[in-house]
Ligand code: NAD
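Consider the single chain below, provided in structure tokens and representing the form predicted on its own.
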């Protein structure tokens, strides 16, 4: 059993009470973490506020060098971090799993360190010089989900630090271990108070709500559900906090009639089933032209049958369990509704424990709850269409818009159709392939602001224009 404390002001803090963390693949308790009080949150924010003047005053080169050191720390502990991710979240070590996540955390950190924040000259004439400067905000509060616990923590932390802010992070109560360890090892090379972490079971004290309302936190970055994002916006309104919210998706994919079903099967599968479907930018519904519908379903089915599901610590496993009991119940309910109306090609029933069998259901439409709601599990509903404009209208029908994809042998035609999708990112013959140099965010109720790249970095700053 691991017993990891919070890091506040560079020191390990045990907390007054603790709560247990369980392995979703086995049901066994694997760790115990501190259950923060509001007082401990205040201490973390105070530590970050105290550390802010010196950290923000560092030269640009010194902050870059400091974040490069964080990448080295993460890389040194990469194997342990990957094992913790598998044990607490359930995704396998292999394939696009925990080893991939821990490695991506290192790569994202290095890329963020390389970003520049130059002064932008808007005017330099006889009438005067006008400069646009990017200034750090202060204390940034980060609230992360359970599906990619380490990688999303890095997405929140690194641009905030790179821009000169200090951070207080609260990880999900289901998957705090990898983030606790990462923050602990990064504090070995950071000044005290620059990066702090508090953990909570969200039962005894609503730490997330307190962060949203805290007068000394100048920005909240949150990844999670749309309803929770709405509550954070409400809580943040009284202090006019800056917000970056990456919220629910229910991404659509559209398969055009000119595809080779066998050639796209693997891309479709991992676009939908990576992390057992527990990814915001997973493909949650697939619209397939009638002329290739049956062939695409057959190719997907043949591949899906070969992908092993089980305990992610075992060799050869590529899909893991659902991370939380609540998510297991939600997926079970939505699949039952889909199975009652559609045709189950594969799965359709829960497995043992928190495993849910890989499921493909066809002959559905947008009125079915399995299509209309973001299921967030190893399930893909497939909808038949005959007209491309009809498919586009169905893909755009809902009030979310995180990602989408077009599948076609004609890249130019696919790009033209992609421009008509109402979502923040669109992939051609791929789905969910995010990268650190490309801004990522949602339209409609899928969020506010973006992460990654220069645009994501600048979301951690205020603009100041100087006229001279």
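Numbering follows the first chain given and starts at 1. None of the values given here were measured: they were computed from a predicted structure.
One more form of this protein exists, namely the form predicted in complex with the ligand; it is left out here, but the text below deals with it.
In the modelled overlay, the ligand taken from its pose in the predicted bound form makes no contact closer than 2.4 Å with any backbone or C-beta atom of this form, which marks the pocket as open. Interface membership of residue 273, defined by any non-hydrogen atom within 4.5 Å of the ligand in the predicted bound form, is ruled out. Of the heavy atoms in residue 303, none are within 4.5 Å of the ligand in the predicted bound form. In the predicted bound form, at least one heavy atom of residue 440 sits within 4.5 Å of the ligand. Interface residue remark: residue 376 is counted as part of the site for the ligand in the predicted bound form, having a heavy atom within 4.5 Å. Of the candidate stretches 166-174, 183-191, 133-141, 357-365, only 166-174 has residues with heavy atoms within 4.5 Å of the ligand in the predicted bound form. Of the residues given (406, 70, 402, 34), 402 alone sits with a heavy atom within 4.5 Å of the ligand in the predicted bound form.
Checking 195, 382, 335, 280 against the ligand in the predicted bound form, a heavy atom within 4.5 Å turns up for just one residue: 280. Residues 223, 224, 225, 228, 231, 232 are the members of 223-239 with a non-hydrogen atom no more than 4.5 angstroms from the ligand in the predicted bound form.
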